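Encoded as structure tokens, the following chain is the form predicted alone, with no partner shown.
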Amino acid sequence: MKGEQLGEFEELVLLTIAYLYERAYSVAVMEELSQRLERPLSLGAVHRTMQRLEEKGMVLSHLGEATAERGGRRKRLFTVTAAGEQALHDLRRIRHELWTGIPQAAWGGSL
């Protein structure tokens, strides 16, 4: 894998941004990921990660339309860039190769 490396939490946030697509803003990402991980997450940690992903060129952000539900404030929406998509595909391929290469005996029959 070339280019910027992703940490595990960065990968999860990037996947969640892709999953939410046009609805990806920090609160939505935090809620979706918290639900899937079954643990609370800090909005600040999610927001910092999204900023770091943007600095790495993995996502782009723009301000959406103002909404009444947010008192006229605009949401900062994120989308995955081609570099982010490539990084996710590379990680998926590497994980798949490792998972499929594990000898059955390595599991010890625990599952």
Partner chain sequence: MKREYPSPPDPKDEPGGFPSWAERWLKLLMAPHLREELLGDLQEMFLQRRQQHGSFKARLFYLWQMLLLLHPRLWRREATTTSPSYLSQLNHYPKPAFTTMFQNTFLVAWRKLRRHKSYTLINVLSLSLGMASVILIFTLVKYHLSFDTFHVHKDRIYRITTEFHEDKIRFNTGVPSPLGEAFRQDYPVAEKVARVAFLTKRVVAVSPQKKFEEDVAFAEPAFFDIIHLPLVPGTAPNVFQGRQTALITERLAKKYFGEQTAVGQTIRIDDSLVVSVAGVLQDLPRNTDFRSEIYVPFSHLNEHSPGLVEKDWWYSVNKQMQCFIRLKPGVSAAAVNDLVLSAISRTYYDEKMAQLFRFKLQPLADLHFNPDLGGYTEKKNLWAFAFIGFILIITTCVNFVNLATAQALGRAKEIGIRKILGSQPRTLFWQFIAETTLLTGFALLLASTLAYLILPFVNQLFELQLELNPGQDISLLLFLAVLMLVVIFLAGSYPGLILARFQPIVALKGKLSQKQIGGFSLRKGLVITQFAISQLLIMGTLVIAHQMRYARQADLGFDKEAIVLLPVPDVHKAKSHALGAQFSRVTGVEKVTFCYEAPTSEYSPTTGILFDSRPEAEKFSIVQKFGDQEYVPTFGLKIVAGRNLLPADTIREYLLNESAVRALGFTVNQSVLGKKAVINGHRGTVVGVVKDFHNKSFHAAIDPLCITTLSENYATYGIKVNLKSLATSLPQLQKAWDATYPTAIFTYRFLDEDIARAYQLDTMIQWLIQAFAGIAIFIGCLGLYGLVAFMATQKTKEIGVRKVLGASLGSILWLFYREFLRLLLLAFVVAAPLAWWLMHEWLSNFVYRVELGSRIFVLAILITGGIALITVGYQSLKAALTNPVQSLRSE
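Residue numbers count along the first chain shown, from 1. Computed from a prediction, not measured in an experiment: that's the story for all the values here.
Here the subject shifts to the form predicted together with its partner chain, a form of this protein not shown in this document.
- Annotated contacts: 38, 88 and 96 are all free of its partner chain in the predicted complex [non-hydrogen atom within 4.5 angstroms].
- Not displayed here, its partner chain is approached by residue 44 to within 4.5 Å at the level of heavy atoms in the predicted complex.
- Its partner chain in the predicted complex is not approached by residue 58, whose heavy atoms all lie more than 4.5 angstroms from it.
- The shortest heavy atom separation between residue 29 and its partner chain in the predicted complex exceeds 4.5 Å.
- When its partner chain is considered in the predicted complex, residue 79 lies well away from it, no heavy atom lying within 4.5 Å.
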